[in-house]
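Before any questions on binding or motion, here is one chain by itself as structure tokens, the form predicted alone.
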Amino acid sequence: MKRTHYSTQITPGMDKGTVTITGWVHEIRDLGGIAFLVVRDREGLAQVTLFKKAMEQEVLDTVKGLSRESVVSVTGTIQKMAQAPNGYEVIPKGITVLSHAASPLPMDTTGKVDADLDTRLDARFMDTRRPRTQAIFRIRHIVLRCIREFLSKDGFVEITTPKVVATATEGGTALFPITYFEREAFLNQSPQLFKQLMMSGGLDRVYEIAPIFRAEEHDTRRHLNEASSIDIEASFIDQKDVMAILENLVNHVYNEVAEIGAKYLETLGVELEIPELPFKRITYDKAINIAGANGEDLEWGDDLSTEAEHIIGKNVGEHYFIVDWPTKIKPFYAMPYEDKPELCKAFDMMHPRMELSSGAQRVHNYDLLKTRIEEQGLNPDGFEFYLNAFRYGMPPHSGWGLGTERLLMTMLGIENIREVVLFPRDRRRLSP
């Protein structure tokens, strides 16, 4: 039962060597005097070749009784075979059935028969056996790993903040209330307030990769009610500095995926185009003018509609930033310009298809922050724990949040955000 090699660790140069492979029965082909058992593991496929006249009857009987997706262990001898996956085949000495799979299967794992997304998500345990789905989540792993490495090398400290909170991060109604003993609490919309507290706490540069929850009744291909957000906050830097960290990070992620994840990109049929640095910057004013010139009229102070984002993205044609937003439509913690308080030092980082990230230089003055909370129609008393940190020495600071799923779906050209989440949560799906 103990594996000695994954399928891709075996090479034709190991000819005549003995190995043990383990995995799922991907396919069985019986051609009369010879049969082929294709075993799939996490890394790929291995061909087990059975020459019936030279094979023990017990081994042949085991294969004859196998069903697709049963779990097996195969011990055998390596033999060069140019036509086989990875250039070798395994001549079995023994085959052990570790788990028998029932029939019919919930869905096809070979890719020969398509299944709709709901079927795949209902049987996600089976869907992740498909090479295409495996490739998506192997790339997701690469993305998160290299983000952690990039930020750690840049002096950021990883933190973990609460997901059960007593007050909304940004106000509004997009909250999931929960019963917390005798009190009402909420699932957190963002780590924003807590990562700002750590600027007062002296950690200087922090990041978190964690779930966020939004009770928005969207039912689109790019919205989830539970998503994974990559958040940073850094002291003694302004919005331009933190934008540079973001664009360099995205460029780094693309380069790492192109190099480390080449075989997964090939499985997905994706030719990755590395975004060029620096990303373009356009003002909010220019953005709404572009939208207006192409039939999507917006009043100054309106947020960008989905159609406006599509129009602007098509016009720009690459990753870009929208800067200098109206203060009134950005969160209370975004810093207004001193000479133009109607504008703030906020930005959105955009892919031509959609928004990926938003951020800003933050208000670090207690009195101004309290005023901004009131201007947003919120009660400062509900933010007492947060405001207190600004009374005892808060450095200037800036930060952003980047959507993991949106980064992945735009990078890989995937149309539905649910494909890049193992177990998506939206307004209709709560299981599995």
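Residue numbers here begin at 1 and follow the sequence given. No experiment lies behind these values; they were computed from the predicted model shown.
One more form of this protein exists, namely the form predicted in complex with aspartyl-adenosine-5'-monophosphate; it is left out here, but the text below deals with it.
Visitor: Under a 4.5 angstroms heavy atom criterion, identify the one residue in E208, D122, E256, E355 near aspartyl-adenosine-5'-monophosphate in the predicted bound form.
Guide: Among E208, D122, E256, E355, a heavy atom within 4.5 Å of aspartyl-adenosine-5'-monophosphate in the predicted bound form occurs only for E355.
Visitor: Of the options Q134, S190, T167, N251, which one has a non-hydrogen atom that comes within 4.5 Å of aspartyl-adenosine-5'-monophosphate in the predicted bound form?
Guide: If I apply the 4.5 Å criterion carefully, the residue I get is S190.
Visitor: Even though the partner isn't displayed, in the predicted bound form is G359 close enough to aspartyl-adenosine-5'-monophosphate, meaning a heavy atom within 4.5 Å?
Guide: The answer is yes: G359 has a heavy atom within 4.5 Å of aspartyl-adenosine-5'-monophosphate.
Visitor: Is Y88 one of the residues lying within 4.5 Å of aspartyl-adenosine-5'-monophosphate in the predicted bound form, judged by heavy atom distances?
Guide: Heavy-atom contact with aspartyl-adenosine-5'-monophosphate at 4.5 Å: absent for Y88.
Visitor: Against aspartyl-adenosine-5'-monophosphate in the predicted bound form, would I212 count as a contact residue? Criterion: heavy atoms within 4.5 Å.
Guide: Result yes; I212 sits at the interface with aspartyl-adenosine-5'-monophosphate in the predicted bound form.
Visitor: Report whether the minimum heavy atom distance between F194 and aspartyl-adenosine-5'-monophosphate in the predicted bound form is within 4.5 Å.
Guide: Result no; F194 lies far from aspartyl-adenosine-5'-monophosphate in the predicted bound form.
Visitor: With aspartyl-adenosine-5'-monophosphate left out here, work out from 28-36, 60-68, 46-54, 395-403 which stretch has heavy atoms within 4.5 Å of it in the predicted bound form.
Guide: This holds for exactly one stretch, 395-403.
Visitor: Could you run down 330-345 and flag each residue that has a heavy atom within 4.5 Å of aspartyl-adenosine-5'-monophosphate in the predicted bound form?
Guide: Read in sequence order, the lone residue that approaches aspartyl-adenosine-5'-monophosphate (within 4.5 Å, in the predicted bound form) is Y333.
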